[in-house]
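A single chain, nothing else alongside it, follows as structure tokens in the form predicted on its own.
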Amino acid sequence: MSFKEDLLKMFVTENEIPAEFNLPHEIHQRSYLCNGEMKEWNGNVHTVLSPICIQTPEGLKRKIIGTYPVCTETEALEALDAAVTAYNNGRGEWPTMNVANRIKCVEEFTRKMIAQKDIVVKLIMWEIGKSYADSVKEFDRTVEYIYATIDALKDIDRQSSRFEIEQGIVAQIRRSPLGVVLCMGPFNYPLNETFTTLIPAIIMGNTLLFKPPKHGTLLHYPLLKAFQESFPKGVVNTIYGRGHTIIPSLMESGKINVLTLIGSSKVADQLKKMHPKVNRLRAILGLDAKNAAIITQKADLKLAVNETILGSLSFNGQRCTALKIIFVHQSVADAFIEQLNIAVAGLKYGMPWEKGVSLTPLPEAHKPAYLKECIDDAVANGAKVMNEHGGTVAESFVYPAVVYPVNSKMKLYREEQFGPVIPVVRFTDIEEPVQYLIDSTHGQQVSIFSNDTEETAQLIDPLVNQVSRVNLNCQCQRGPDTFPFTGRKDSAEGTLSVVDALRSFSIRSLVATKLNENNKQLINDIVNSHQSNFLSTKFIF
């Protein structure tokens, strides 16, 4: 039996799916949230096919999970009007609501969201092929993020609850919303990374148009009623359909104040150019990345291999923070490759519900062919697949490939593969990987593996000016969520962390006056009568 045939055996029949991990039924979404109403949809729908294939008498077939609406420009513009009306030039109920009450709404939503945990987790697993254990972690981390956001906003508001006096001027400085936000999340963390922009955008008083990712749409459906019941009408509106059909008219309207996108820099550039008043558009973007690892001759190879495996193959390498190219000093390259191959061979592959599984099917139908194209191109330009069975494709599954030695002629040297392929580059002079990062259009993170103090220090100083995060003897990663998450060059715009996201979706505003008896009396009267939600000394506990 060939290895490919062995891989194909991982796919099971419908009856062999463990009941506790299976969906109770197909989910056919026929409604969407707009202006506080769950509106019925009778038009075209998109069939959601899982990356998990099922053994049938006719052969392997991707499991049908359900369907969702393919709405048109008309419905998208209706949702935009709802968000614009709810914001009402900053005069709406939500943007003028005090912080304490906005927090109560988000807390209510979170309670309702937690009640849907079981179905949302299963949908993450079935829609994108993420392991069940990691799907649970994504849900739990998202809830933790929401509560951390609430705590951070309380801290910000406490600091803003006092008046400042400077040069005879008394002022109160608070953060106020920006307007209507268009939020589009990624498929690889369809809940968590979407909510790391969506939640801070809402809680700061903005109104929202939310387009779920193509892979990872249905998992948001069980949460729509929670949005509807927790927020005033028009605050959260969902839009569905083909991005190229519904998004241009939204941007061209000039009514979008904030664009938040986790995706490709090419798409972000196109969308920003559509806005008629680009200077009025704020963008919070998490974009492409080609994070490198630099393994010097003074590295702990065992540690470097373990972290490379985690960094390059967690969720099949489908993470913006994944290690996507490995530079290793020629003196330790052979030993590194040998240990890396052993580590890859030790990873468990299979269905997402299997305990301890590391490698699972890929959600993007075109991805196996693209990865094979990258590997073939590398081989044609002098590289080899170093690990046994590397790059073997079995329907939606791709077995990891260690490709070495990669050079500048190859697609894998520049392109973000976003999948289970590990390109390894041999270097003799440390300036080679440094120059690679200087020349790269990406600038998110880098990992340095070295136990030499002087060598590490000399790498830190130039690299912090090329990327936003330098990791020492560990993989690239986003967390903890309290740390800033951003990138240079084409990798990001704006900064996300619990606190930074709140700042990104708001602007500092102040009320100020000359400090004299009349104005002191005026301010005291407003504060004591609680007639203003902005000018207030209320303290949130």
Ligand code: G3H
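These numbers come from a predicted model, not from an experiment. For every residue, the number given is its place in the sequence shown, counted from 1.
Missing here is the form predicted together with the ligand; even so, the following discussion is about that form.
Check 98, 176 and 506: does every one of them have a heavy atom within 4.5 Å of the ligand in the predicted bound form?
Spot residues vs the ligand: no contact at all.
Which is the contacting stretch out of 319-327, 115-123, 383-391, 83-91, given heavy atoms within 4.5 Å of the ligand in the predicted bound form?
Correct option: 319-327.
Indicate whether the ligand has at least one heavy atom within 4.5 Å of a heavy atom of residue 68 in the predicted bound form.
Outside the cut-off, so no.
Decide whether residue 479 counts as a contact residue for the ligand in the predicted bound form under a heavy atom distance cut-off of 4.5 Å.
Yes.
In the predicted bound form, is there a heavy atom of the ligand that lies within 4.5 Å of any heavy atom of residue 141, even though the partner is absent here?
Yes, contact at 4.5 Å.
Residue 188 near the ligand in the predicted bound form, any heavy atom under 4.5 Å?
Residue 188: contacts the ligand in the predicted bound form.
So which residues in 482-500, when you check the ligand in the predicted bound form, have a heavy atom no farther than 4.5 Å from it?
Going through 482-500 in order - heavy atoms within 4.5 Å of the ligand in the predicted bound form - there is one hit, 485.
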